[in-house]
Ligand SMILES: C[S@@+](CC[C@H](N)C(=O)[O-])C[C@H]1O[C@@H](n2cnc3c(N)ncnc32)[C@H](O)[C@@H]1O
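Just one chain is shown here, as structure tokens, and it is the form predicted on its own.
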């Protein structure tokens, strides 16, 4: 059974992700692993996004009337826009600890992250060319490596900005991940069988996620080789997120998400969203709790993700070299 702290973490992620409850299982599983780690300062959240993950992982909580999609613009095809439609107050409980720097390449997401009050500073930048001095951070946290077009450059940059006695905390997909994305596999099967309208439906559900999320997967030994090539020594690999939860995350409420977002906005305008969430979130927690319990300590063959802890493998020169192709931003 999950601990009381893990249950509280799940409940807070469900309050933020009540329209996509298995997003909450994913985030709460990773956050529960991070809760047992001491994140040394100064710290960098590389690819901080809207900041909600780190807000809740750091002990904060969103207002009950707020959810992750309240300030999101919709479009008829594809996914949701990242830009904010309004700048409402977001957090109900501030985080217990602050992250020194949050970095993302999207200005709209940084605007949202600013409202979480989780970061001492926010920087817009490229994870393949980090705008920070050499050995700036005691901790670098990254869960977006597979999004980078050049993930090897991203690892090299993290190696450059982490201190010799610092550490890298990396969240990456296991080689089991791709098999769980049933929307993609169904689309392929229907396409082969000539059922094109069904194939188009599941391709819409997938929305390119299979291509993105499986371009960089690997079992523990593969990730150890990649980290070694980038100048890191792997100190720990923690399996997390049961593959069954990923199968449910892949579909879940996604086909009706746009309608749910519109309904949530209508409830908020009537000041009824908070009341409804008080009723629904406990029911959602009951539904997803078995998968959350399995996701906290799965075996390696049933884990969809790894949380990797690594340190630089060799002492580096004390002199700071000239930063290539981008302006250096110093950590305060």
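Just so it is clear, the structure is predicted and the values come from calculations on it, not from any experiment. Positions refer to the first chain, counted from 1.
One more form of this protein exists, namely the form predicted in complex with the ligand; it is left out here, but the text below deals with it.
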Practice problem: Consider the chain as shown here, without its partner, and state which of 49, 42, 264, 60 has a heavy atom within 4.5 Å of the ligand in the predicted bound form. | Solution: 49
Exercise. Taking 4.5 Å between heavy atoms as the contact cutoff, choose which of 100, 180, 217, 143 touches the ligand in the predicted bound form.
Key: 143
Practice problem: Choose from 125-133, 242-250, 197-205, 182-190 the stretch whose residues reach within 4.5 Å of the ligand in the predicted bound form, heavy atoms counted. | Solution: 125-133
Exercise. Could you confirm whether residue 306 comes within 4.5 Å of the ligand in the predicted bound form, counting heavy atoms only?
Key: no
Quiz prompt | Residue contact check: residue 53 to the ligand in the predicted bound form, 4.5 Å heavy atom | solution = yes
Quiz item: Using 4.5 Å between non-hydrogen atoms, is residue 294 touching the ligand in the predicted bound form?
Solution: no
Practice problem: Would you check, heavy atoms only and a 4.5 Å threshold, whether residue 230 touches the ligand in the predicted bound form? | Solution: no
Quiz prompt | Heavy atom contacts to the ligand in the predicted bound form at 4.5 Å, residues of 97-111 in sequence order | solution = 103, 104, 105, 106, 109
